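So this first bit is one chain, no partners, the form predicted alone, shown in structure tokens.
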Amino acid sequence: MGQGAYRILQEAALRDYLAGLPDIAALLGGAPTAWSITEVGDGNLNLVFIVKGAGGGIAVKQALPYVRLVGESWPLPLSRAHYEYLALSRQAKLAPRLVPALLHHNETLALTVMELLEPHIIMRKGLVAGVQYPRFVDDITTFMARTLFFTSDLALAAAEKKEAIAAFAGNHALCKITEDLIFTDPYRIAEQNRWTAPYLDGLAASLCEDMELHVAISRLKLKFMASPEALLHGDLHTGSIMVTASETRVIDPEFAFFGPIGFDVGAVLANLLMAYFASAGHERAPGVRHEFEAWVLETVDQVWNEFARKFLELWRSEASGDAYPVSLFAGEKGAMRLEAERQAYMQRLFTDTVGFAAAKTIRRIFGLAHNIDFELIEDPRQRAVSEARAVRLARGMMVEAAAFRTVADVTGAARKLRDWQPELSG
């Protein structure tokens, strides 16, 4: 079938389109009229369909020419589907079996067909329910270590890296969303900001007056804009990860671009920490989620430690990039000095990670799009208490970075805030 012009494919049009793709039609099996098509997109930007036939199922994602959460008043380029497809293609090579298999892509329609992930669920939903995922640490740290290391200057020749940066440079509209919604809007009066009112009114106002926080977030924003260290997923939260007890798949990299490594790692840690603070609001009886909460904080520790171990292991064994030329570190003395530099590099990366985790947390409480971790807490006052605890930790992580030298410092601070009672407005 020809590419044609862009059009939004609802059920009937999508059925006809898929029927014209022989490989996809064969995978689904049976008569196209018998296929079930269900729109399941609960995200902020796109249409997502699950299509099932007698022989199997697929997932279909189509970009809309606007932000779905807001509507046509916020236009958005369809090219984001191209960057998502490009990112998934590269991630599949670097971290096989940790992203969905790509089955078809139509650039004009901004449409991608992928393997149907079943019985996987969105990880965030599982965390709200208090489910533990034993495979998650190993899988997500492998995904991050490999996709970030092998797209960095540690693994790529300079020319290859610059060409890769150029391939994603056009995704600036999605970067602009991040620059505004994460690094700017929560710290000023912005029409699309919202929070748990009236309880967090005072805290929201304080963000607009906190100059130390403004400096800290601006430094992070500059690093986000000006440090193309590696190819990022760009939106690596627990809503972009699908899981079972034995499998993990990373989805939705439409925000992909070359940026600071700590942004992706920080996003994962932030969403785990938010799940921890939200947990108290989902308790049906005192103490019933303590085991889950202990697992979440242990997972935060392990995600950083395992990521750092795997990243360093790749650096020691797979470094073929133009950064840190081997010829400059010959002999035992050179090897020792390079290893010391690796450790210093990881310490700087950890500091970045902590800051970005804090930024992602504050954005999810005061910005445009919130997490169901907090949003599904039925009692708004309890929700505000959980959110205020998370914000207190996040502010400390951002403006008192020197106090967080290890991931144990982060989880230790979170643990101390588990039962802290904030002063709320209203």
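Nothing here was measured: the structure is a model prediction, and the numbers come from that model. For every residue, the number given is its place in the sequence shown, counted from 1.
Beyond what is shown, the protein has a form predicted together with a further copy of the same chain; the following relates to that form.
Contact between Glu313 and a further copy of the same chain in the model of the complex is not found at the 4.5 Å heavy atom cutoff. Using a 4.5 angstroms threshold between heavy atoms, Glu212 counts as touching a further copy of the same chain in the model of the complex. Contact check for Arg284: no non-hydrogen atom falls within 4.5 Å of a further copy of the same chain in the model of the complex. The closest heavy atom approach of Ser327 to a further copy of the same chain in the model of the complex falls within 4.5 Å.
Contact with a further copy of the same chain in the model of the complex, defined as a heavy atom within 4.5 Å, is made by all three of Ala158, Ser218 and Asp322. Arg337 is the sole member of Arg309, His290, Lys93, Arg337 with a non-hydrogen atom within 4.5 Å of a further copy of the same chain in the model of the complex. With the partner omitted from this view, the residue of Asp352, Asp153, Asp301, Asp139 that lies near a further copy of the same chain in the model of the complex is Asp153 [heavy atom within 4.5 Å]. Judged by heavy atoms within 4.5 Å of a further copy of the same chain in the model of the complex, the contact stretch among the candidates 204-212, 72-80, 275-283, 107-115 is 204-212. Contacts of stretch 350-371 with a further copy of the same chain in the model of the complex, defined by any heavy atom lying within 4.5 Å, are made by none of its residues.
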